[in-house]
Ligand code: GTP
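Below you will find one chain, with nothing else, as structure tokens; this is the form predicted alone, and questions on how it binds or moves follow later.
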């Protein structure tokens, strides 16, 4: 298909007609053998190739020039290009949001968990991180008018905290068929950090074929923290975490999916009496890559939790209360009165 340049209305940037490729074999410079090599290292879709780097494709034995041609063609196919700020605003209208189940928490984070970015929930054991993951894995299946995206969830479990019984309870409460809801949650348990990385690297085809609109890693740092002990291993750990999180972000952007990670914490003895007496694990690597960071902690009252928004690209810091019940994540009984 030939490209035809034309001017946008109002003298805007020149627009080119997009080429359509259905399979990676259809891309220029990609034959059957090369496609097989790319799939072996985790690149099965046009979207994943569009967000790859030349160095990453080199792992498949592809020369730098050829890798650049493949990436360029893939990016052209999904229109990864320069845009004006006004055009960006239009593109951002496609960003979706998933309700947490709590109106107060939704308001705190701008209307729900958003797609094309990473949202991090961190807190001590029992603070509600996994409960939120379960709830969001159910709620993403709701239609947009009810706060969902009508899609499936991909769930990577690193601490064996996933419970299908909880999914059934939550699905029934929001009016979904429990068995159908369970079918739309694609689950894998990661046994170590390398396995966790591999699961995500091989996920692009699963995401595309199953209309996955939510990717969950619960928890992000558990394996890394236990396997890379000592300051001498910290640089390698941080390097791997950095690459892992950027892969997650690229998948979220390529497929317009929301990305959720939970994170463990470590104590801050010097800040014992502050509202943030703990720090999330992962340092600046995790902090810079997570767009929205929410600190969860227990509060006075039965099953009440406090969510504190500590970082966001555009929202002010603040707090919200919610409750964890048999039905899932809910507002306090007084909410809305």
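Numbering follows the first chain given and starts at 1. Not measured: the values here are computed from a predicted model.
Missing here is the form predicted together with guanosine-5'-triphosphate (GTP); even so, the following discussion is about that form.
For the three residues 125, 131 and 166, a heavy atom within 4.5 Å of guanosine-5'-triphosphate (GTP) turns up in the predicted bound form in every case. With the partner omitted here, the residue from 76, 159, 201, 227 that has a non-hydrogen atom within 4.5 angstroms of guanosine-5'-triphosphate (GTP) in the predicted bound form is 159.
With the partner omitted here, the residue from 264, 141, 193, 115 that has a non-hydrogen atom within 4.5 angstroms of guanosine-5'-triphosphate (GTP) in the predicted bound form is 264. Exactly one of the stretches 103-111, 239-247, 166-174, 203-211 approaches guanosine-5'-triphosphate (GTP) in the predicted bound form with heavy atoms within 4.5 Å, and it is 166-174. Using a 4.5 angstroms limit between non-hydrogen atoms, residue 317 is distant from guanosine-5'-triphosphate (GTP) in the predicted bound form. At the 4.5 Å threshold, heavy atoms of residue 305 reach guanosine-5'-triphosphate (GTP) in the predicted bound form. Mapping the unseen interface onto this chain, residue 24 falls outside it, with no heavy atom inside 4.5 Å of guanosine-5'-triphosphate (GTP) in the predicted bound form. Along 296-326, a non-hydrogen atom within 4.5 Å of guanosine-5'-triphosphate (GTP) in the predicted bound form is carried by 303, 305, 324, 325, 326, in order along the sequence.
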